[in-house]
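Only one chain comes next, encoded as structure tokens, the form predicted alone.
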């Protein structure tokens, strides 16, 4: 029996150039205008998706590596996703919109007021992807730069403070009695005086409470501290893990244990695994793509090297493909974990070509070695995840219409026929849709 699951789209390139570097760019959409994003949002709503999460990284990196980030538009430029949200709300009626926000960038009172405004104007469809990106914090103030766990401590205080402001109006504070002329009862509003380690502010908030729940909180953290933050605060966990049964069940157990430790129920958090499938029209086409990926040409390797150069803020394109990487080329700004993801299990003596070729290699959905396959094969995978108790998936890509239609045109009907993908939305906004099943 198929189990209905939640679906979302992770806008992986953020509010930046859509389709850059691909032939589809010649559709001539202007990424600085709202139309391309509104068209994509309408497509996702027609498909029955719960939400779209808009990635963001405000920083272009260090002064010495900015060119690597912008040369091929992998790391920038980008506009602010919070300001894109109203345009997407205007174009849709049910889709949840989740911009990425960094607590280092928003004072709690300002954030509480702006988010409350968007929650009301959108019909309770706002979500917030709360990240602690320490590399971007330097743009906001010297005091904003913290270590990994401290940044989560600050995010926890920030979110607690915002929620205290959202709840500074008691449920019966809004009177709106025309016969007496009383709009609100000030005695039912709680004075807020927050004096914490990272923030100091007073309330109450001059915005109304939410009849259909607060904005949904999303978090992507995979560390112990990040999972603890998710367990205590999140409605959706953006999950990255190998998609085999033991790994999926173990990851979900960690999230659920963190929720219980924070006094919440496991069902309070929807765990959505991020997947970037390549949907093909036939098994034969999928086999051809996988076979070709085992022997990438120089152009494919250069494209991967460009993206890795942006992510690692280190120019790999200037290195000899047939020589091992001298790890001294990676500055102190590059995390050891990021370097290890490039090196993998091939070791430091392997040539750069081997590392890039491994990243180029694709696998078939049918044998669970990768994500290339037909819509039916991908639906089999999603059903299998559901059998393991999973809540849903986040598909991954940019917002170019070609990307969405290549992924969704054949997939949506298959998922619907199997009863995996919703046909109707619940009333009440994003929270209502997340908890409808």
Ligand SMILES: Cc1cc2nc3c(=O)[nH]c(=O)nc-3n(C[C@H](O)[C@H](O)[C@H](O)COP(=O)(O)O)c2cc1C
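Numbering follows the first chain given and starts at 1. Quantities reported herein were computed from a predicted structural model and do not represent experimental measurements.
Unshown form predicted together with the named molecule; subsequent notes refer to it.
**Q** Which residue, 280, 100, 233, 308, has a heavy atom that falls within 4.5 Å of the named molecule in the predicted bound form?
**A** The option sitting close enough to the partner is 100.
**Q** Can you pick the one in 169, 115, 152, 158 that has a heavy atom within 4.5 Å of the named molecule in the predicted bound form?
**A** Looking at 169, 115, 152, 158 one by one, just 152 meets the 4.5 Å heavy-atom criterion.
**Q** Does the 4.5 Å heavy atom contact test between residue 223 and the named molecule in the predicted bound form come out positive?
**A** Within the cut-off, so yes.
**Q** Please run the contact check for residue 383 against the named molecule in the predicted bound form: heavy atoms, 4.5 angstroms, yes or no?
**A** Output for residue 383 is no: heavy atoms all beyond 4.5 Å of the named molecule.
**Q** Counting only non-hydrogen atoms and a 4.5 angstroms cut-off, does residue 238 reach the named molecule in the predicted bound form?
**A** Yes, residue 238 lies within 4.5 Å of the named molecule in the predicted bound form.
**Q** Since only the chain is shown here, I'm wondering whether residue 15 would be in contact with the named molecule in the predicted bound form (any heavy atom pair within 4.5 Å).
**A** No.
**Q** What stretch, of 159 to 167, 202 to 210, 107 to 115, 128 to 136, brings heavy atoms to within 4.5 Å of the named molecule in the predicted bound form?
**A** Every other range fails; the passing one is 128 to 136.
**Q** Does anything in 39 to 56 come within 4.5 Å of the named molecule in the predicted bound form by heavy atoms, and if so which residues, in order?
**A** If the 4.5 Å heavy-atom criterion is applied to the named molecule in the predicted bound form, 39 to 56 yields 55, 56.
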